[in-house]
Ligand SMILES: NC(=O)c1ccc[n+]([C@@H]2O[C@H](COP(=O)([O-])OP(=O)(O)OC[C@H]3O[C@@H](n4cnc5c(N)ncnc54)[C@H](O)[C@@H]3O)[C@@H](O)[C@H]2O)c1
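Presented as C-alpha cells, the chain that follows is alone, the form predicted on its own.
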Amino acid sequence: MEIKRVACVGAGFIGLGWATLYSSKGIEVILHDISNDMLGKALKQIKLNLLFLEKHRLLKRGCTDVALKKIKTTLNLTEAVYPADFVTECVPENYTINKKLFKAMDEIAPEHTILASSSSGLLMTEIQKATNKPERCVMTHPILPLHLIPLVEIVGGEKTSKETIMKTYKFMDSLGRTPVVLNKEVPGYIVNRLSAALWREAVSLVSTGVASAEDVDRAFCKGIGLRDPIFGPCLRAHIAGGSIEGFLDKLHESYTERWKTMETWTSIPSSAAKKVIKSVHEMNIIRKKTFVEIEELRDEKLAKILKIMLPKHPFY
C-alpha cells in the first residue's frame, strides 16, 4: 500500500512538525484541530519551518509554496481521517483522551489505514484496547524539533501486527527518517529513558553543589555531546575497551564505584528542584537571550550539524 495522504490530528507543535515533514516530501496532508485559531497559527509556523529548511539548503529553493499547497485544514475529524492512508495523532498525552480519540478514529478510518500515535511515553497496548482493529495501531515517537531530527521510534502494542510495524517502518524510511523498532514496550521508549537517566544525574550534580547548571551543560555539550553523535553508548564502550568484553572487564569496578554514589530517585525532591531552578536561571544564555532566540540558535546549529552528519539528508 502506498501512502499518499496523511491526517495529522492535532495542530500543536508536534502536529505542525509532522505536517512540515509530510508536505515537504510531496504527501497530501489534512491537518485537524478543534480550533481555527490553532490551525491558522500552525500554518504560519509550518511556512516558517519550510523557509528555514530552504535557507539551509535542506529543502530545494521554491518548494515552500509547493509544500503548503499540499496541506488542507479541517475542524471535522471525519474529513481528516476518512481520506487518509496514515493517521498521525498529536494530542496531549493522556490515556483517557488518547483512547477516546483512537476509538473515534478507528470507527472512521478505512480498513487499510494505519493509526499512529506521537506519544513520548504512553503504551499502545493500553490505547488500542479502545479500538476494534488494534492490529493497525502503532506508536511513532518523533524527536523534537521534528522537522530537523531524523529519528523516529516505532513501538507496537501487544496486538499490533507485524505488517503494521513493517509498513510504518518503510513509510518513515521513505521520508528520510531513521526509524528504530522496539522489540517490546517500555514507558518512555529508548530516547526518553536515556534522557531521564541523564536528567536525573544532571539535577543531582547541580543540587548537591558539584557544579552549576551552566557547567553541567558545558561539560555535556563540549564533551559527551561532541563525541556521541558519532558513536552511541554501546559502540563507544566497545571501542573504549578494545572490545565490549574488555570494557566490561576493565571498567567494571570503576563504574560500580560511580553508580554507588549516584541518585536513584523516582521523583525529584523539592529541595533539589529549587536548586536546579535557581541555577538554570543564572545561566548566561538565559540572562541574555529570550526563549525564542535560544530556540532559533539551537535550530541554526542543528541545521549545520545535519549537513555534516547527514550529507544525503532527505530534504536535499
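Don't overthink the numbering: it's just position in the shown sequence, from 1. These numbers were taken from a predicted model, which means no experiment stands behind them.
There is another form of the same protein, the form predicted in complex with the named molecule; it is not shown, and what comes next is about it.
- Although the named molecule is omitted here, in the model of the complex all of His32, Ser35 and Glu93 have a heavy atom within 4.5 Å of it.
- The named molecule is not shown here, but in the model of the complex it comes within 4.5 Å of a heavy atom of Ser120.
- Although the partner is absent here, Leu21 sits far enough away that none of its heavy atoms falls within 4.5 Å of the named molecule in the model of the complex.
- For the chain shown alone, Val186 is not a contact residue for the named molecule in the model of the complex, no non-hydrogen atom being within 4.5 angstroms.
- Interface membership of His141, defined by any non-hydrogen atom within 4.5 Å of the named molecule in the model of the complex, is confirmed.
- In summary, the region of this chain contacting the named molecule in the model of the complex, judged by heavy atoms within 4.5 Å and restricted to 237 to 245, 141 to 149, 197 to 205, 168 to 176, corresponds to 141 to 149.
- Taking the named molecule as positioned in the model of the complex, the residues of 1 to 34 that bring a heavy atom within 4.5 Å of it are, in sequence order, Val9, Gly10, Ala11, Gly12, Phe13, Ile14, Gly15, His32, Asp33, Ile34.
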